[in-house]
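Here we start with a single chain on its own, the form predicted alone, put down as structure tokens.
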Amino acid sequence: MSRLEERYRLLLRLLPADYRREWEDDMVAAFLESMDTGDAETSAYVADYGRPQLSEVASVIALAARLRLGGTDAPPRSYAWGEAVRLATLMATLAHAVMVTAGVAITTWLSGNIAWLPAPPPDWMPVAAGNLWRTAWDLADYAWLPAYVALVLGHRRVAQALALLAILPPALTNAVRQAAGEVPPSASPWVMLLLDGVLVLAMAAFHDDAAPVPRRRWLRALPIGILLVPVPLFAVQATSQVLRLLDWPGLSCVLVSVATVIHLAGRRPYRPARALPWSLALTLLATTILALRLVTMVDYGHQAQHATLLTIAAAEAAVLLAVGAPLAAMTIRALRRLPAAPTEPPREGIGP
């Protein structure tokens, strides 16, 4: 076996074992044939020092993701993982879309266009308007709203492009401000940027084999989410100092904890297979948000209220861990009980 074949077989280990048993030899043969130049000396050199091209690596990675995050015809375990990742991606994108509406409301309030609300505090006064390019740059974050709608409607690539449009301008702005010393160096923006990048990659789980998203249900979730989260938060924020200590990781802890409690309370023991994708999706979200909460606590050290902030953050993490650990244990047990062989594909798409 040549070194090139060894490297390619190592790459193929990303694929599920049952798929490799059936197709690995054929894939290796086709790959080696494509790398044959027809010249004995060149072919010998490639066999010893060659590596799979980036396009081939990307193709195998995409295939591995498609197989492991299966659609309706996939084995039960792959289907459960696929549905869970799609549910988690929808919920995370929905959270972004819901919260950017709060930004619109706050901007309107700061501009003095909501006369019936108290005047904003002095430290909340808006920055003077810049040029058209700066305004468009600042509004890029609102692209999460159409990104969510595009994802629900089945336009995955459009959703990914819009999500990247929402991610890149704030990242570049934060990099420039930290480099110029305008803001102290902090890990929080970069950790959240990393998670948003993972979210964009996770949208690839909405492939052609996946069940379609129930459009009405998830589109209806957008106005409901706005009424349940940003509206009361904005009302309290405008009239009280209580929520000034609740940042995005903290709010995420609260939302995932509440969703987990509701899910645990509504679980039906006689229908575990139907609840498993939701259980796994919430477990993924809880694990991610817990890691985010713990990492971002490091940035509190240079803030004036660091002791209070650390106490609140520790409480948020403790609550999330308390409700997430039992769910994770039940989810792992349910995953292990799933049969390895394919069964009759589910008839319904993503949804409760």
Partner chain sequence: MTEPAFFILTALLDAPRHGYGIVSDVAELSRGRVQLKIGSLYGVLDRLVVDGLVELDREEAWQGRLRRYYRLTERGRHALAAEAERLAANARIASARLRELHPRPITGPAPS
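Since the model is a prediction, treat every value here as computed from it, not as a measurement. Numbering follows the first chain given and starts at 1. Between two forms, the rigid core is the largest collection of C-alphas that superpose within 1.5 Å.
This next part talks about the form predicted together with its partner chain, which is not shown.
Colleague: Since the chain is shown here on its own, which stretch among 279-287, 55-63, 322-330, 294-302 would lie within 4.5 Å of its partner chain in the predicted complex, judged by heavy atoms?
Modeller: Comparing against its partner chain in the predicted complex, the contact stretch is 55-63.
Colleague: Can you tell me whether Val46 touches its partner chain? I mean in the predicted complex, with a 4.5 angstroms heavy atom cut-off.
Modeller: Outside the cut-off, so no.
Colleague: Contact between Leu310 and its partner chain in the predicted complex at 4.5 Å, heavy atoms?
Modeller: Outside the cut-off, so no.
Colleague: Just to confirm, Glu33 within 4.5 Å of its partner chain in the predicted complex by heavy atoms?
Modeller: The answer is yes: Glu33 has a heavy atom within 4.5 Å of its partner chain.
Colleague: Applying a 4.5 Å heavy atom distance criterion, does Asp141 contact its partner chain in the predicted complex?
Modeller: Result no; Asp141 lies far from its partner chain in the predicted complex.
Colleague: Assess the spot marked by Tyr8, Tyr19 and Val28: is its partner chain within 4.5 Å of a heavy atom from every one of these residues in the predicted complex?
Modeller: Every residue of the spot touches its partner chain in the predicted complex.
Colleague: Enumerate the residues of 310-328 that have a non-hydrogen atom within 4.5 Å of its partner chain in the predicted complex, in sequence order, or give none.
Modeller: Contacts from 310-328: none.
Colleague: Taking 2 Å as the cut-off, check whether the CA of Ala318 shifts that much or more between this form and the one not shown after a rigid core fit.
Modeller: No: Ala318 shifts by under 2 Å between this form and the one not shown.
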